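Only one chain is included here, represented as structure tokens and corresponding to the form predicted on its own.
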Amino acid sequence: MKAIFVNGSPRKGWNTHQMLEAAAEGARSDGAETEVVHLYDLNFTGCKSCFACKLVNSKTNGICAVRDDLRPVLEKIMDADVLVVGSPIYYSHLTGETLSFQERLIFPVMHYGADENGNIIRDLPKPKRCGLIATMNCPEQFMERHRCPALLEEFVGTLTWLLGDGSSKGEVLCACDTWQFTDYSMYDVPMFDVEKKAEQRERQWPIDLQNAFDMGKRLCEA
């Protein structure tokens, strides 16, 4: 069992990365081979619409033909059994790097056609279970107000539609009201009650990490 964890946050060692590491630990506890990839370490763009993956008798085998820093990651994902993507929420959306990664990952897999049962034709060497971890420094009601849950379900639903193994619809895990700065006094953030944020961090963060661990373990279970 191979599991890839993709960090779409620019901040290493912070909330999204920590949750992905916890999920990877959960996967390893079930015997999986794991790797965490940081998108912001890579030099890549979104889909260039070169359509090399849509040529007649294309030899791309479901992997984007553009050879940049993302290409080796895409190859590893195609060989994996589990994919978990993590991203903070910026202005009600996943990060730009995360969305560019999604374009490059799924477009080569999809064919413009369906089989006799109406199912989309996929160029997928190995189907996989998929999950999404999202973090946000605002309370949960802000996510709901800005329709974030629907956005996240759509993202993981698309991954599962094109990459899934048919055993699940994909999983979404959110951590809200996260601790954003080491020292809040250094930043102009009057909307936050730092004491309440600290209480939330002490009480809820261990639960969030445990939930991530459980998610990683669950996705890798036979």
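We number the residues from 1 along the sequence you see. As the structure is a prediction and not an experimental result, all values here were calculated from the model.
One more form of this protein should be noted, the form predicted together with a small molecule, which is absent from this view; the next part is about it.
Which pick from 136, 83, 94, 105 sits with a heavy atom within 4.5 Å of the small molecule in the predicted complex? The residue in contact is 136.
Does residue 89 make contact with the small molecule in the predicted complex, using a 4.5 Å heavy atom cut-off? So residue 89 counts as contacting the small molecule.
Does residue 213 reach the small molecule in the predicted complex, with heavy atoms at most 4.5 Å apart? Outside the cut-off, so no.
Within 4.5 Å, heavy atoms only: does residue 34 come near the small molecule in the predicted complex? Result no; residue 34 lies far from the small molecule in the predicted complex.
Quick one: which of 153-161, 40-48, 55-63, 173-181 gets within 4.5 Å of the small molecule in the predicted complex, going by heavy atoms? Of the stretches listed, the one contacting the partner is 173-181.
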